[in-house]
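One chain comes next, on its own, written out as structure tokens in the form predicted on its own.
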């Protein structure tokens, strides 16, 4: 396992593959039982992994408890990320969900108890709630850092303009910086490239990419009639469109055959190669071991080009307009050289 810095705003060194723990626990009716969860966590640690991602709503809090019980004896050896905003039970009270400061304070205290720790290394607002001002979220996270309950702050599943607003507001007011974002990113979800990834690069944010295998669709197992999240936890798989993902999976299988690997590993390696830190989501130790092998896989430029081409997503406006304008400028020798500037007058 190699390590990388989490963005340009921190000195936090994390393993190149993060362990997502949404499948650790059985409270959702689907996931790993406690013994299998411990085997997954143990296997990840033995491989050199130090970055564990959880959330208060994962398995209605069971995931945090399992992570805390495992990491407790070596707490300082792990970077633990968690999230708030969606509630830790099947029917949370209205005041307990969302991104408000009240919900944030309640959630962090409950997560600390479940994790059995005195601080959360990286704390995310889980999902933009549509109402809480960016400044309230940023200031609330700053308060938690100053109180010693949180070390770094992040935003998950937020529109790019809201992330930028929170980050710039925090910078201007001397609050703890927004250090990282979490986004969905895979060969079947590339709209992230329109605004979120360029924004993160411009601001120096670390980027964690969840569902790099699109909920298992990119493993190819469903073609063989196997079961998994797409069949047993359908709400968690967002891109189950065979007409669209068929050509992508065909190309993925072909590349996997050429590099003597598996489609799932290639999918993870593709995400990693884009500078995004993949968040694995295994339900079994066998799945984890297969996923971890992606760390040793390097795709050639031709392989990346082929996967990029088959999975390409329209850039949309204004990116397509700007690209066309750049092309016209190149053909005419540069747009600025073609402009007649009026003479400036001095008042």
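Positions refer to the first chain, counted from 1. What you see is a predicted model, and the numbers here were worked out from it, not measured in a lab.
The form predicted together with a small molecule is left out here; the points below concern that form.
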Practice task
Spell it out for me: taking the small molecule in the model of the complex, does every residue among 23, 53 and 126 have a heavy atom no farther than 4.5 Å from it?
Solution key: yes
Exactly one of 261, 132, 157, 169 comes within 4.5 Å of the small molecule in the model of the complex through a heavy atom, and that residue is 157
Students should find that, of 206, 98, 215, 140, the residue having a non-hydrogen atom no more than 4.5 angstroms from the small molecule in the model of the complex is 215
**OP:** Consider residue 61 of the chain shown here, and say whether it contacts the small molecule in the model of the complex, taking contact as heavy atoms within 4.5 Å.
**Re:** no
Can residue 175 be called a contact residue for the small molecule in the model of the complex at 4.5 Å between heavy atoms? no
Taking 4.5 angstroms as the cut-off for heavy atoms, does residue 36 touch the small molecule in the model of the complex? no
Exercise: residue 219 in contact with the small molecule in the model of the complex, heavy atom 4.5 Å: yes
Here the chain appears without its partner; judged in the model of the complex, the stretch of 141-149, 272-280, 242-250, 108-116 with heavy atoms within 4.5 Å of the small molecule is 272-280
